[in-house]
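Presented below, as structure tokens, is a lone chain in the form predicted on its own.
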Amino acid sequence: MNFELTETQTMVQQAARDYAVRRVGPQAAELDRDARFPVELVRGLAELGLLGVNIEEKWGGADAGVVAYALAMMEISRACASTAVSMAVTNMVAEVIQEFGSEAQRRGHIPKITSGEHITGSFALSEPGAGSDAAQMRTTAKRAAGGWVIDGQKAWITSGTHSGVFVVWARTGGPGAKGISCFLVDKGADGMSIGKPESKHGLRASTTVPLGFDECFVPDDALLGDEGGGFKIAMMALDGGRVGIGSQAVGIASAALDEAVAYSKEREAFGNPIAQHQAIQWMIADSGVELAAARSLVLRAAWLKEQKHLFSQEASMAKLFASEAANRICNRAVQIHGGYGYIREFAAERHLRDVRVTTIYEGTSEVQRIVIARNLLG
């Protein structure tokens, strides 16, 4: 197996790394403190082609592939996890429209996403009472003259305050997965309201909002894909999203390990830098091993998706292992910092808060285990 990156992958990785070091990293602590959405940073991602890494050039994308996307996500996440999650969801929205949209839908939305005109795109799948169990959603879309009327509530919508387009799932038929359809809803649509951003433990610079739909009318051409085909679109999106969140976890953990290594060389205890103590060395060694394994699993899943192979099981494995390993790595980084790891002047504290959600969104660790077990058991 060839683990060498292609020229394109290396270029995308380097462009993301340079931007992360030069622009994103220096603002991360301030953005977190102020809970301020990074509008200008996201526009900068668009200028670099990082809001459409796996999108065809004719739609304004970089057409660099899924592995390049994963590598870029790792670099941006290493600098600011909040900025990275906006990048992740926006790339997902563009990919879903490219895969399932009509020519008119692609032409109308994807260039606005990749250029930054939309700033971000958002998914509206989860509801107050339906997260991983998407088949239980209660939001409805009923036929009306010339279109559909959507009623219901959505929850946990990433970047919802700044998105130009929302991919919204609603029930158009009977109970279960077959009764779900998918719609493209523009920001400002009559009947759609954007709620107050949640006050979150981590990812504080990424806005997460509820959405309300009260007789929200959308035209016939807002239907994405086939009527009743929404569940398939959701599952495809979640599989790809798990590669993105696995990449995010790797990036956050990389930053935490860097902080731990640097601090352990500077901090002295019992007459020596703590890096010379075996207890610290073993924590750093364990973190290095887990980080390398997580990175390999994520890139493997990304490669399978890029090659058009089945990758659902591998995406769940990568997301499960990377997110849980990253939580352990960030926790060790705080422990190595001692009391300083518990205060906001040190980045290790932010990394631990930011990484916690990676075991929750895009399917909890428990859901990933269900997916993996079903695949292994046939």
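Keep in mind that what you see is a predicted model, and the values were worked out from it rather than measured. The first residue of the shown sequence is 1; numbering continues from there.
Below, we refer to the form predicted in complex with ligand CAA, which is not included among the displayed structures.
In the predicted bound form, every residue of the candidate spot (132, 135 and 235) has a heavy atom lying within 4.5 Å of ligand CAA. The stretch in contact with ligand CAA in the predicted bound form, judged by heavy atoms within 4.5 Å, is 171-179, chosen from 251-259, 171-179, 284-292, 297-305. Although the partner is absent here, residue 19 sits far enough away that none of its heavy atoms falls within 4.5 Å of ligand CAA in the predicted bound form. Although the partner is absent here, residue 15 lies well away from ligand CAA in the predicted bound form, with no heavy atom inside 4.5 Å.
Among residues of the shown chain, residue 239 is one whose heavy atoms approach ligand CAA to within 4.5 Å in the predicted bound form. Using a 4.5 Å cutoff between non-hydrogen atoms, residue 354 does not count as a contact of ligand CAA in the predicted bound form. Here is the short version: of 97, 125, 218, 71, the single residue with a heavy atom within 4.5 Å of ligand CAA in the predicted bound form is 125.
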